[in-house]
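Just the one chain here, the form predicted on its own, laid out as structure tokens.
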């Protein structure tokens, strides 16, 4: 039931993910951030088994940091995506990770980019991508409204259309989403779209 999607605009990339932590028929919390800041100019939005998702994205994050520490220069987004794909491919025939990734980044030479990496180590550079049941609605909405020269405001409006479509059409729709953006100024939180907030239970 997870929903992760993203797109590339004019000088930036945006990724959005639901914030539901779910096991079987149980919802544990509504504020799980599934988009990791990989480094100053990269984001990783991941879906899949919670243990694999957290462990693998942290593993990639630490290795990207290690490369920069050893060599004095950061990996490009393309290099980080290929490293991630290589690690998934290596694990595929040993102990595979059940994790799907959208990697967004900004490089001074090539600008903003988005990479689609699935659990069987398929890698594609895309303008827009999605994972989960929400992809049925977000991909069709983006196919209809996406343009490569979109401004940030137009892209956020499109992201909100995708979220609205998922909430209204998916039978078990996640209520809350987090949106993050990466551009020349770096990777950062943009907004949270919440329709349900965590309720704190009073101790009796």
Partner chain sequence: MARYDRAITVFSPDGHLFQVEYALEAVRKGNAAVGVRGTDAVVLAVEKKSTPKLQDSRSARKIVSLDNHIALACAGLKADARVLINKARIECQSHRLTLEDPVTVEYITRYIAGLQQKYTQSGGVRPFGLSTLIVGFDPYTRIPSLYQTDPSGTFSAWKANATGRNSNSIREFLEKNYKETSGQETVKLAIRALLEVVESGGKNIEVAVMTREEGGLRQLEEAEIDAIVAEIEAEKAAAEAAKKGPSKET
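Predicted model, so just to flag it, every value in this text is computed and none were measured. Residue numbers count along the first chain shown, from 1.
Only in words, not in the display: the form predicted in complex with the partner chain, which the text now covers.
Enquirer: Within 4.5 Å of the partner chain in the model of the complex, counting heavy atoms only, one of 154 to 162, 51 to 59, 23 to 31, 140 to 148 shows up; tell me which.
Expert: Selected range: 51 to 59.
Enquirer: Consider residue 169 of the chain shown here, and say whether it contacts the partner chain in the model of the complex, taking contact as heavy atoms within 4.5 Å.
Expert: Outside the cut-off, so no.
Enquirer: Using the partner position in the model of the complex, report whether residue 65 sits within 4.5 Å of the partner chain, counting heavy atoms only.
Expert: Residue 65: yes, in contact with the partner chain in the model of the complex.
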